[in-house]
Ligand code: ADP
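Single chain ahead, by itself, as structure tokens, in the form predicted on its own.
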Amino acid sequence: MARINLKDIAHSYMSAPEAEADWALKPLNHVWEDGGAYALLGPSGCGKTTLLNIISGLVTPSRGQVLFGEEDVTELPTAQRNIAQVFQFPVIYDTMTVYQNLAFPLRNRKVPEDRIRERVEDVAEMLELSDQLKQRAQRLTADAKQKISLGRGLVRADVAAILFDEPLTVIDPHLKWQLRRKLKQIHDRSGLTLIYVTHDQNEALTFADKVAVMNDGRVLQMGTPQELFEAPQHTFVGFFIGSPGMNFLPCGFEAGAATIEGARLPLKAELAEKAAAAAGELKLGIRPEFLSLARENGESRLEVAVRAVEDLGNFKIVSTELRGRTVKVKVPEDQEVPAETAFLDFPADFTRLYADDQLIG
């Protein structure tokens, strides 16, 4: 296992990049601590697989260094980095049995057979494959094949890290949660450094201790699921995390209050001070979960028109209109929603302010 340190990493697939858009991965510095469970989360094309491939050695960065512990591995091929990688589509040998597939990485390294048997049986038990060790892989289901692929990464006890590139994409939805839970259990038991690439926020937030949210070749924020949810550092993070995502309202500032198309919302003194000093376009941000609907006006409330109500079983999503802007509110399933007009309550502790899409308070 190793601490993975990315120093001034950047990458372009062009031979002579000039404009910023020519870079698939913009300059970044980042550290993956030894034994952590991490996720790279973002939309397709944001650079997360490029970053993973730089760590694994499949891609050599245009700039910067990759350190495993104190060792510079930037120019080392994958085989010399002592990592395991699990891909979107299972990489297994169909003509081999489950046992032979799991044993293959160890036999390549001339590990003694008694040690191989011990490791294979241990990993098979973790992945609930013990009853299938003698079966040929070609006869197994897709989720069982992906378990074998996972097992081939786990069977080596000496790896510096295991890298997962969207490993559950081909798995049926009702089986995904089982494998996510299993990966979490394996991490808790093994203490290996795990880095998991996905575009699915549920996968990232339920698997990882910390999540790096990426967009347009940049890591916009690295944090715990709670930090990403309660205090997104960038408007993209607020929008991308959550269902529905964070509400954002372009606003101005005047005399201690945010102004939204003439409506005034008083801000806490500390936030008002930051708003007064901020340069750039201001936006007010708040999660649908933190808003509440009221029938009467108040100091931290703004009048809205109720436009639609979505009943999702154990809660409702209410779409309201505030001075021409749509604001979504998440309310309990049994709460009665006014038919036409209501008042949105903005709790000060969960109301955020952004300048040029960056959190200021």
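Note that residue numbering begins at 1 and tracks the sequence as displayed. Because the structure is a prediction, the values reported are computed rather than measured.
The next section is about a form of this same protein that is not shown, the form predicted in complex with this ligand.
Residues in which of 331 to 339, 292 to 300, 317 to 325, 49 to 57 have heavy atoms within 4.5 Å of this ligand in the predicted complex?
Comparing against this ligand in the predicted complex, the contact stretch is 49 to 57.
Heavy atom within 4.5 Å of this ligand in the predicted complex: which of G64, G69, G45, G35 fits that? Just give me the one.
Only one listed residue qualifies here, and that residue is G45.
Which pick from L344, L353, I9, A24 sits with a heavy atom within 4.5 Å of this ligand in the predicted complex?
None of the other options qualify; the answer is A24.
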